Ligand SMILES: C[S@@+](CC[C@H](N)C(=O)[O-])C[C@H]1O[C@@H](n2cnc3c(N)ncnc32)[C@H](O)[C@@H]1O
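Given as structure tokens, the chain that follows is alone and in the form predicted on its own.
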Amino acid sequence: MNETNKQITNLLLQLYGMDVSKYDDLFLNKSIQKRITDTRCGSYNEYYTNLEQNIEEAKFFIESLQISHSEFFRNSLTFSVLERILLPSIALQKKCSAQKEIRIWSAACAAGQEAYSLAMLLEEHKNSDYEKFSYRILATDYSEKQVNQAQKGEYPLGALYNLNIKRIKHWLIRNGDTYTIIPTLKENINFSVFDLFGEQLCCPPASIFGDFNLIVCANLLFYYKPEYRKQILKKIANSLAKEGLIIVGEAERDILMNENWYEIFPQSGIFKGIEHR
């Protein structure tokens, strides 16, 4: 950790009890520089003094580290594989197994676009399939603010650019400049606050026993130091059903490969444990 990051980390911990040591050094440094610019401080020392004397800025800085950006159908290749191959395959397997429910965990759901994208695919497959199946999506985030936004399911037009016109008309209701997810798409999604670094639970309490067929943890791991990435991956591995899969972001594929996970479709970011290869 460089000296700048170390000073800020120690200050936040000593004065406010806020621990940011788990974040990747490069990400933390960029966040500090951004806050220096946004607060119009003339130097690092000026911003340090501001942070030292202003708990509101400390809270704002902490909040800025909680990455909340998401999109509908964010990675086109990943969602294409899900739509055309994986979800139909999992649905078929469920028809022949004792556990009929498809269980999915969106582990850093932000404002909900990821969870709703998965629900759209599952509902569309149900409507085209001659045999019905059930599913449940657990969508969690560390930020209560983000979870509340996800539950509302309200988005501006600019957030819908990855959705085709057919899906927009079918799954959202327009009210002025706002588009809202229809109630029926929310029925099988449970949104809740969950800390991936919490020591007591390995999965959301609402899931009861984990056993997820699919866990989506995309565009999250690279914000943390390697030892904390390992913590998240261990928690996810313990929550997966046998033959369960994990999805990560495109830039995180190397992290999984280095941790003995096997990418089942090249470049897709969809992995299974090496022991299930």
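Because the structure is a prediction, the values reported are computed rather than measured. One rule holds for the numbers: they count along the sequence shown, beginning at 1.
Missing here is the form predicted in complex with the ligand; even so, the following discussion is about that form.
Taking the partner from elsewhere, D195 is found to have a heavy atom lying within 4.5 Å of the ligand in the model of the complex.
Shown alone here, Q146 lies within 4.5 Å of the ligand in the model of the complex, counting heavy atoms only. For the chain shown alone, K152 is not a contact residue for the ligand in the model of the complex, no non-hydrogen atom being within 4.5 angstroms.
Although the partner is absent here, N50 is not a contact residue: none of its heavy atoms lies within 4.5 angstroms of the ligand in the model of the complex. With the ligand left out of view, the stretch that reaches within 4.5 Å of it through heavy atoms in the model of the complex is, among 156-164, 83-91, 103-111, 178-186, 103-111. Of the candidates I236, A58, L28, L220, L220 is the one whose heavy atoms come within 4.5 Å of the ligand in the model of the complex; the others do not.
The partner is absent here, but in the model of the complex a heavy atom of I67, alone among I67, I36, A241, I62, sits within 4.5 Å of the ligand.
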